[in-house]
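Before any questions on how it binds or moves, here is one chain, the form predicted alone, in structure tokens.
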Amino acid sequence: MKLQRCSINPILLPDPTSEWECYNVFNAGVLYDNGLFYMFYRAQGLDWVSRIGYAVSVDGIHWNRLRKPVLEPTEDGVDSRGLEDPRVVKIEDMYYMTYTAYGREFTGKGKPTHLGGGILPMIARSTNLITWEKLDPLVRGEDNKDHVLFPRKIKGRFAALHRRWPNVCLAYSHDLRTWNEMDMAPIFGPRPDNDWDCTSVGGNGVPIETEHGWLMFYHAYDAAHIYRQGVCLLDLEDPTKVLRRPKAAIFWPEELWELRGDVPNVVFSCANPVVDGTIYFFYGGADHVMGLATAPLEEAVNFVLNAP
């Protein structure tokens, strides 16, 4: 299996007339709801601070943008240096966004991902996709990101994937504000004997519920820091159980705008909605522009069930 690139890629480019999104637009969360695609993309402009932009599409390829951010930093807040890599999901009648807040202070242990500051895995909610209420972080005091909510509660609780480097972990909460450390558990990590996901792994978009389990797309990089994409299958009622994890990658940098950019050799996804049996895999190319690749859901399920 290999995801198929859209022939019109890239599907979203920086706007040279805009101060806040003139350099990079990438790593977008995308939600399909009521017949439309809603994109929430990370944008960087003249000040190199990341903000969250908003765009709408009928086909997932051609987009109409709101000309101002829907989420931006607060001067003295935990996100004073930017908001990054949103992932969006609808649970019951509420929309939720998970995103990484980049601030001036690092309170965790070890070497931080972001030099000169620290990050927090934040959550926000909305009833209209435009106005967002910022909630609390999933955890504090550690270098944690790549968090995404499952599209429904599991055993009566909200469930989220998150990354405690270098592993993908699971967390539960009754209210999205309190996450019990006792409920947090690692799911899987890098495979030292596998060439493409041997150094670090992290979750992508919202897990896809199938009759066989949760279809989870994830990113990884190797010692050369080349980002590739993989897929695995988690148990429906206990996602800490990995049912299947094929050895082969399904997507990697090939196009010039994926190989060269603000960060080279990167394809990074925060969204994989399913529409009419097709997975729409939205991804950032080299931290600069947005691309789209697709695959039939049935093909992806068959691959994860049968590939070595």
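These numbers come from a predicted model, not from an experiment. Residue numbers run from 1 along the displayed sequence.
The discussion below concerns the form predicted in complex with a small molecule, not included here.
Judged by heavy atoms within 4.5 Å of the small molecule in the predicted bound form, the contact stretch among the candidates 66-74, 260-268, 246-254, 275-283 is 260-268. Between the options Asp143, Asp79, Asp85, Asp197, the residue in contact with the small molecule in the predicted bound form by a heavy atom within 4.5 angstroms is Asp85. The candidate spot formed by Arg51, Tyr99 and Asp136 lies out of contact with the small molecule in the predicted bound form, as no residue has a heavy atom within 4.5 Å of it.
The closest heavy atom approach of Asp287 to the small molecule in the predicted bound form falls within 4.5 Å.
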